[in-house]
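Before any questions on how it binds or moves, here is one chain, the form predicted alone, in structure tokens.
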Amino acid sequence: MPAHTTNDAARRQAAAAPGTGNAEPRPAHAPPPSAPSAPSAPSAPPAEAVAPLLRGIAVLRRLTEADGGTLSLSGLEKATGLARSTVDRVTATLARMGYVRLDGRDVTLAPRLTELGNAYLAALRLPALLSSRADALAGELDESVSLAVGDRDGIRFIHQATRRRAMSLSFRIGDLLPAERTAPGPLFATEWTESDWHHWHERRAADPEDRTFPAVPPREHTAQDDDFEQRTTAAAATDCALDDQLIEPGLVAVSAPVRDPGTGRVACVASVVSHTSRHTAEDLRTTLLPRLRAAVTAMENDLRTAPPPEPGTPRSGLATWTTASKHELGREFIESLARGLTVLTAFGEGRSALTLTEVAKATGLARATARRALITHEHAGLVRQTPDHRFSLTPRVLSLGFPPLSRTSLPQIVQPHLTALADRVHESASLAVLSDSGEEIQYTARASTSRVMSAHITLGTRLPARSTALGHVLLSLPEARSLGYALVDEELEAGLRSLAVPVRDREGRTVAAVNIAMHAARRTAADCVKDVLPFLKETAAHIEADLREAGRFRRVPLT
């Protein structure tokens, strides 16, 4: 018998484990409680909560929901209800941390912010252990495959293996969807407690059109609660679930649970997503579900045989930098906000559950300071406390910027760095990648200067790789490899001098190159190396740091 259909009694017993509510668990076959008469008001923050930290979390969440992860300062003031002076101080602190970028009156999420979501995904381990199986299944079926975890009465995606089509999956890692409009939702709901069902009814009553879920279109027709209850009962009986155009017309999906081998609980749910032009929902059940189940069985075996995570070197002093920033920036830097967010980075692989003492040691904060930060995060739903007084991150950490940043391409990462470089050296700066043929380079990002005479290259332009400094770096020619840079003097065009350095990914592979191009009359070759190369290398280092964070759990598109 397949592993995912066994040990039903153990699953029901495991559903009683604490962590999602205080009420007695409801057996999967029993009817859920009736809806409450009226939704309850949001709970007030505990007295020990850090108010500036809550404000910073609110700003990051509003930016996450905004188009392109960008809002004006006045837009943030309106969206959060905070005073403009508070918004200015919060965004200045977040910019100092590298979590946002300030461009005039606009605030934009920055790639480094993904370190918070990465901490959760690393502690969870599921993407690292199972994503290759999901990718292989997507290739085998030629359909999109996703992995999702439960987040109270919703689901969040932790991995996406999409197919490039005109009609393709547009959800992002970290997106939150209402459980009742998805295929994974009923499978998670089979383990809901009375408290979870009560919360779900309250949310449905307060938001019948799903306006609080920006990742999905609002409901056109309000569904009855008993429809989801019936789907949950069916999911408990069949160990699978369907989404027949619940999110939007044309979108269909089939899901199966990946169970934790130790507890029998649902660790995550794997889904195959398609379009009605390719499959009906019932067709997914009959033709693709058997192959999905086979992949799930392999995933569960991977979880069963995976070695325990390496504890690694204990982290320490993560937040000690904040004191110097406070001394430098004064009132504009909110140290309690910076310290509070840094607490989330104490977690990771081999550090999925930490005691208060361990968090304090990892951050370099006093126990009282770390405790208040954890209390604040617990109120915000970012941290949960286990019965043995350990703390762990929740999927809601992904709500802090991860969805929009999970779609960031290398040119988007690079652009602000190129602009800063061009402004600094007063010369044009560009990024290029090697073409598929390996014979040409293709320009994918650039920043120009206001000089009368400057290098002008249109994005998408292709040039012979061996005639450019960018090409010398990308081809790893011996001289460029030994020096760490390439200088091409008037080879491509008379009067054009170019200096380039590599951009490497997490594995140390050269995936792109960045350069400065100028007229030969402005600087000698020696001056380029002495005066420009340090700035160019510094820019490449900043790009690589962003690329390492952005590409930790996904492949960053190079173009």
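Counting begins at 1, following the sequence as shown. Note that the coordinates shown come from a computational prediction; the quantities given were computed from them, not determined experimentally.
Keep in mind that the form predicted in complex with ligand PHB is not shown, yet the notes after this line are about it.
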Candidate site Phe171, Ala183 and Leu251: all three near ligand PHB in the predicted complex by heavy atom within 4.5 Å
yes
Just to be sure I understand the contacts: of Asp210, Asp239, Glu300, Asp243, which is the one whose heavy atoms reach within 4.5 angstroms of ligand PHB in the predicted complex?
Asp243
Go through Ser271, Thr114, Thr93, Thr232 and name the one with a heavy atom inside 4.5 Å of ligand PHB in the predicted complex.
Ser271
4.5 Å heavy atom contact, Tyr120 and ligand PHB in the predicted complex:
no
Is there a heavy atom of Ser146 no more than 4.5 Å from a heavy atom of ligand PHB in the predicted complex?
yes
In the predicted complex, Phe157 touching ligand PHB (heavy atom, 4.5 Å):
yes
Ile247 within 4.5 Å of ligand PHB in the predicted complex, heavy atoms:
yes
Just one stretch in 251 to 259, 339 to 347, 470 to 478, 411 to 419 has heavy atoms within 4.5 Å of ligand PHB in the predicted complex, so which one is it?
251 to 259
Of the residues spanning 502 to 535, the ones with some heavy atom within 4.5 Å of ligand PHB in the predicted complex are none
